[in-house]
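Quick setup: one chain, the form predicted alone, written in structure tokens, and binding and motion questions come after.
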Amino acid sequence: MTELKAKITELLFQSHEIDISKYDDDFIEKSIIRRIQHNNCNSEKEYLSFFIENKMEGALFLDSLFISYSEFFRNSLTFAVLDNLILPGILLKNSTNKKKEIRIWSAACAAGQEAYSLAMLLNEHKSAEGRMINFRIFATDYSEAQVTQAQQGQFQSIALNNLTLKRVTQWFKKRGESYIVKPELKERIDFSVFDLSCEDHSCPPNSIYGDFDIVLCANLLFYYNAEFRKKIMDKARHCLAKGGYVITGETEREIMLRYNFEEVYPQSCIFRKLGE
């Protein structure tokens, strides 16, 4: 498998100028196995021949790596801690420091569910406290198609399963069999294409200077090897405001502990740099 993986990595870089060596070895190997099975190949050698002879296989293989999936309020504990502890704390701190807005980066936004969930929470805090709360959410993804879908904000009813009826009624308009995000929920979300492997920018260019109170990279880190994980975490660390938070997925908690972050509440997947 090691030899096949190296050869496919070489071929993809030649044909698509995409370096898949940044991905975790186990993830790549499982992707290769799935493609072997999908194409009914009987051996690694047979699949390599198939890969070389069929020009579309390279693109299909890359598509199999680009996993974009999310849900509204995906981790209920994470969002409960955000709602009841983290956001009130940030609002208090920003008020004391006279910081004008809460700044959040959703680093792999997929179809936008994560960003829209955060916007709902912040708007609800604004209503509950009866005062102006300024915030800006920068939602990025490497996939232009995903960013376009997120900007459109159109979802099938099954995608709203994690939402209360009150939230659906307040923030969506039904159109046929679909639900469309209302413009007022989009007002403070900036969707843009951004590749985390970009060497020129540590944070989305649209954000100008980072200074994020929260960076979300949930269910992202475990796809990559240790070297590329470090690059992602270095970007997040560089972009964080002092005392800011990083949010990951449940399977990535051990990774964060190795990068000198501490979990602020048990099992919440919300982390802060040690000593802050």
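Note that the coordinates shown come from a computational prediction; the quantities given were computed from them, not determined experimentally. Start at 1 and count along the sequence shown; that's the residue number.
Another form exists, predicted together with a small molecule; not displayed. Remarks below refer to it.
Contact annotation: the small molecule lies within 4.5 Å of heavy atoms from the stretch 136 to 144 in the predicted bound form, the single such stretch among 150 to 158, 136 to 144, 85 to 93, 181 to 189. Note on the partner interface in the predicted bound form: the residue among K99, R167, R74, H201 having a heavy atom within 4.5 angstroms of the small molecule is R74. Although the partner is absent from the chain shown here, none of Q14, I20 and F61 has a heavy atom within 4.5 Å of the small molecule in the predicted bound form. Though the partner is left out of this view, I104 does not reach within 4.5 Å of the small molecule in the predicted bound form, counting heavy atoms only. Taking the partner from elsewhere, L122 is found to have every heavy atom lying beyond 4.5 Å of the small molecule in the predicted bound form. In the predicted bound form, at least one heavy atom of F194 sits within 4.5 Å of a heavy atom of the small molecule.
Although the partner is absent here, Y69 sits close enough that one of its heavy atoms falls within 4.5 Å of the small molecule in the predicted bound form.
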